[in-house]
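Quick heads-up: the structure tokens below are two forms of one chain, split into structure 1 and structure 2.
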Structure 1
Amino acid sequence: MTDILELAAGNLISPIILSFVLGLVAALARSDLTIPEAVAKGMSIYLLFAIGFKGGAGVAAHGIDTTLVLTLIVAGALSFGLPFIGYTLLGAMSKLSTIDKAAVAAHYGSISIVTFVAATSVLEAQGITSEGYMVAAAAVMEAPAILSALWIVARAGGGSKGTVDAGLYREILLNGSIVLLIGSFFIGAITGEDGLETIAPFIVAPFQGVLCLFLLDMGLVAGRGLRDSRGELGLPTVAFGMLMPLIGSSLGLLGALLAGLSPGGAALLMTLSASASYIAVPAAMRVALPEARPSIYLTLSLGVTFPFNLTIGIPLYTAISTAIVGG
């Protein structure tokens, strides 16, 4: 327990976390500090490319082990399944409408890639290795949760007037993050260590620094979101935003044991399960479930769960996975 607390404390005073806090404080204090949209998008492309490439190069170096397929299946199942748990839990805890509940649930089945990136940084700092193909697991978990949410609404007769068409499915499956993550994973896997070496001064050395600036922006956006939606989130909903990651990560741990992942891989699967989407799912919700309120789902995902995972969650999941899987 003290171990976990120490880890958490050490994690809290890293440049990464403090950059997020700086953004949060600046936004809450109503500073006009902003990072241009194009630059923020550029940094997210950089992070996706780098993390995908490194994952692929890792697979090239260590080979594909038998757990790969199992991991991807487990990951897909988690993304499909978690929204049902989230929806039920929200039904018990909050008074949100059917559509709002389903939309929130979709976010928690899907993943936040920055949370994943932050977790890999923590693992690296502690010298814990993990399976390179975990980035493929991340990509697999992006989309299924959206289908579950649409199915929940359809079954509940939620009656959304939103647009669910072929275009929507293409947008979900071929959204930029998935394509870039998978694509750079393959480039890394094909070009291997040699490829990594040529571009390491770009994707490895400055990675932590870019992550700092990116988290500064996340803090700014989360802070502005919290300020704007002040009062809209009830206390029970906020509680959900911290309880759900714990449930998600527990199921992630179970899945990791089933798939036979290493302690590092298990920590990452726990993090993925615990994290909530704030890009792919919100975009899909605007099209498919326009009645769902972004001030609920985005604030919860970005303003509550993201900081929760960043500060408390990741060290906790790492400690638990090392204790249980590594034991």
Structure 2
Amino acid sequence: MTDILELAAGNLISPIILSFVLGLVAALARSDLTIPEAVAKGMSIYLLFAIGFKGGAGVAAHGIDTTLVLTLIVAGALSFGLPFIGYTLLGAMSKLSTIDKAAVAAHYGSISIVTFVAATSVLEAQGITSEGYMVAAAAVMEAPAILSALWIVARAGGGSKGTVDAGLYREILLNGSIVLLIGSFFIGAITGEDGLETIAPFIVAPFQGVLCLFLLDMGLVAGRGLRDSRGELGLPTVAFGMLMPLIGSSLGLLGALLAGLSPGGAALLMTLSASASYIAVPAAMRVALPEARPSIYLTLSLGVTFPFNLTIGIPLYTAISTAIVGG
């Protein structure tokens, strides 16, 4: 237990975590610090391309095996199943409507790609290797949770929509972050280690610095969301935003053990299972469940769970996976 706490404490003082904390504190203190939107957009494009390309190159070096197939199956099952747990837990902890509970639950079955990128950076800083194909697992976990939430609403008889149509499928599958992540993954897989070596000065050396600046901006966004949504979220709902990641990460650890992942891969699957979407799922909810309140689901995912995972979750998941899977 002492080793776990020491590793977690060490990760908490990493540059990427402290950059996020700086942005969060600045926003809560009402500082005029801002990152231009165009710059933030450019950094997100860079990070998605870099992580996708490196993941694809990792798959090319590793090859396709049973562990890869099992990991993708486990990832899909987690994404589909976690919303049901989240919906049930919200029913016990809050007085949210069926629509709001389902919308929130969808976010916690899908993933935050920025949280995933931050986790890979923490692992690299600790010298912990992970399977390159975890990028593919992240892509697999984007959509099933949305379908689960719509099924919940349809069964509960709530909302004006709650059905899946071609427009929603297009919204999910052609989301810019998914297209870029999967596309760069395939480029990396096709070009392999030679391709990675060719553009390494662009996607390897600057990666940590860009991530720090991007998380500074995310801290500003999260802080403003918390500040502006005061009164919308009750204490039990906020508690859900910190409890659900612990439940998700526990199931992610179990899935990692079943799939036979390395300690690094287990940490990433735990992180994916613990994270909450704030890009793909909100876009889908606007189409599928327009009655759901963004002030609830977006503030929970970005303003509560995202900071929790960055400051406490990722260090904790890394330490636990190292102790259990590595042991």
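So that the term is clear: the rigid core is the largest set of C-alpha atoms that superpose within 1.5 Å between two forms. Numbering for residues begins at 1 and runs along the sequence of structure 1. These numbers were taken from a predicted model, which means no experiment stands behind them.
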Check: Given the two isolated forms of this chain, which one is the form predicted alone?
Finding: 2
Next item on the list: Answer yes if the CA of residue 295 moves 2 Å or more between structure 1 and structure 2 after aligning the rigid core, and no otherwise.
Entry: no
Notebook entry, point to check: After the core is matched up, is the C-alpha of residue 69 off by 2 Å or more between structure 1 and structure 2?
Noted result: no
Next item on the list: Taking the rigid core as the superposition reference, indicate whether the CA of residue 258 shifts 2 angstroms or more between structure 1 and structure 2.
Entry: no
Next item on the list: After aligning on the rigid core, report the distance the C-alpha of residue 37 travels between structure 1 and structure 2, in angstrom.
Entry: 2.4
